[in-house]
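Two forms, one chain: they're shown below as structure tokens, one block per form, named structure 1 and structure 2.
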Structure 1
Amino acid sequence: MRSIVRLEGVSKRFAGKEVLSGINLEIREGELLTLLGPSGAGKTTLMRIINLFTRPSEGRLYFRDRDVAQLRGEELLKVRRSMAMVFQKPVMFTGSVFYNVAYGLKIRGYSRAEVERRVDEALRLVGLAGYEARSAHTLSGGEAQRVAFARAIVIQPELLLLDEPTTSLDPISEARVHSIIRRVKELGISVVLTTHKQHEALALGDRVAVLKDGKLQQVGPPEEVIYAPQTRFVAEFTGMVNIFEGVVEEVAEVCRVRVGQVQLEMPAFEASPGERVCVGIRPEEVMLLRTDVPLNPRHRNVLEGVVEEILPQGSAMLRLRIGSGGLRISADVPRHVVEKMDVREGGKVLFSLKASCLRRLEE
């Protein structure tokens, strides 16, 4: 796939503070790339750089293989006009919904008829047909968000930049926006979407880029990011709550790592004995074992522990916090399993950290 935007070694400093550093990232034609990161990670800044709003302090920015980082005037305008951006907190221009949506077309000099046709189309797409005459300031938050969408889509950009488009929406509106985004993608428009919601990044993105403190942590398809997090941060941010520091004791076909009083067996990785490493496992990969049947010898890393706390996790799962050998381990277990096994706070449980699910994480 051809790339539409490519960043090479892009850095940005504000008043000496490095907000983005050494970003290498490609946005491919037709793809939906989600940019996942916590507040302050630099997501908005990165979007603004792509939109030629903010000039990178260092590095190169290619738009369709042309270096555009230092463009000015009409040249810059031409490139910017092939993109559209929807801000985190969209503002409505004073005036009607029509005025808002038509704005980008009018300044491009489209004919009145063409403007009307396209505005109608765009409003239809976001499910606001018939809203043309409404004053934009009287819209609800969700409606305003969708008008902002229509305003951006109507100019038929090659690349659509969406900065946290669902952050303040309720689940129903969020689902609607997601389906609008999918429809936009079907129109062949490439999309970059920032979010701090893991589930959104994973559900929408063809690829997910995880950003933290201005550095790209990992870029890849959603499954890879969840199940093969490369860094401690990516692991934490995608919900891998069990992260331990330990010391490598043996490197062979499998590796053995000592964590507290426990030795864990896990898939081999490059390291030398005595090295300090960070390992992690997702809470739903911690398996409760029945104590009323003999232990299956297949199970590795079987530990005994005391349930310190049981918290609801979503609606179907419960999260057990288990203390074991100086470690605190969280396990997400379906409610009905917990009930069946009669697990209670203060009770003892047997569980296994499946060896194949344990992963080594970079700091």
Structure 2
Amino acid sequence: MRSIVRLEGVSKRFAGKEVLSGINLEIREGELLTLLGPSGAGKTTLMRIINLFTRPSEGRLYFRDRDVAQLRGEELLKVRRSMAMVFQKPVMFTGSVFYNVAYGLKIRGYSRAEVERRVDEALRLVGLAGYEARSAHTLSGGEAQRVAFARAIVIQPELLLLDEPTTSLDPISEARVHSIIRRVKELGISVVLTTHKQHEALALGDRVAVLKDGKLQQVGPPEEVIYAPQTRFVAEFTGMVNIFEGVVEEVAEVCRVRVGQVQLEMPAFEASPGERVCVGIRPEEVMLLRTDVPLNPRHRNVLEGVVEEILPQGSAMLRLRIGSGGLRISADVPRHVVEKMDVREGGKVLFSLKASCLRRLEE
């Protein structure tokens, strides 16, 4: 798939402080790329560089394989006008909703008939048909955000940049914005979305780029980032709550790692006996086992624990304690399984940590 934007070795410093470091990233035609990271990770600065609001201190930015640094005048303006950005807190111009949405078309010289046609299409797409005459300053936060979307997409950009557009929205408004984002992508527009919400990044993104302290930690499809995190930070930020320090005991076709009093078998990786490592497994990959049937020999890492707590949610989150060594594991188990197996707080359960689901995590 052809890239629309490519960053090579991009770094940015403000007053001597580096906020982005060695960013190598491409944005592909028609994809929705989510930039996931905590506040202060550098997400907004990266977006401003892509949108040509800010120049990098080092590195190159290419738009459709053209070095943006070499562009001047009309050529640079053409690139800028092929992108649109929606901010976390959109600013509404004084005037009507129609005026706000039509502004970008008017400065580009479109006819009145074309402006009206495009504004009508944009407002219908964001669910605000009939709002044309409303004063923009009377809109709710969610409505203003949708007007900002209409204002951005009405110019039919090649690239739409969304900087934490749902941060201040309630769940219903957030769901509406997610629906709009999906519809925008169906138009063939490439989209970059920054967020600190892991559920949002993983649900919307074709690819997810995880950013921490100005450095990219991992870039890949959501399934890869969730189930094959490369670093401890990525694992923690995407919900892998079971993370343990261990010592390598054996390296062969599989690796055996001792965590407290428990030996765990996991896929082979490069290490030496005695080496300290960090391993993790997602809570939904912890499997409860029936005790009234013979144990399947294919199960590895079979452990017995005591249920310390059952948290009420869509599925049941169990907190398990293993032995007296203090090792604790969280298991995300469907509620019907908990009920069928009569799992209760204080009761003992048998469970398996599937070897192939255990991951070594770089610090």
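This structure is a prediction, so every number in the text was calculated from the model and none was measured. Each form is matched to the other, and the largest set of C-alpha atoms that superpose within 1.5 Å is called the rigid core. For numbering, take structure 1's sequence and count from 1.
Of the two forms shown, structure 1 is the one predicted together with a further copy of the same chain.
Superposed on the core, the two forms differ at residue 349: its CA moves 2 Å or more between structures 1 and 2. Core-superposed comparison between structures 1 and 2: the Cα of residue 289 travels 2 Å or more.
In this overlay on the rigid core, residue 66 has a C-alpha that sits less than 2 Å away from its partner position between structures 1 and 2. Once the two forms are overlaid on the core, residue 264 shows a Cα shift of 3.4 Å between structures 1 and 2.
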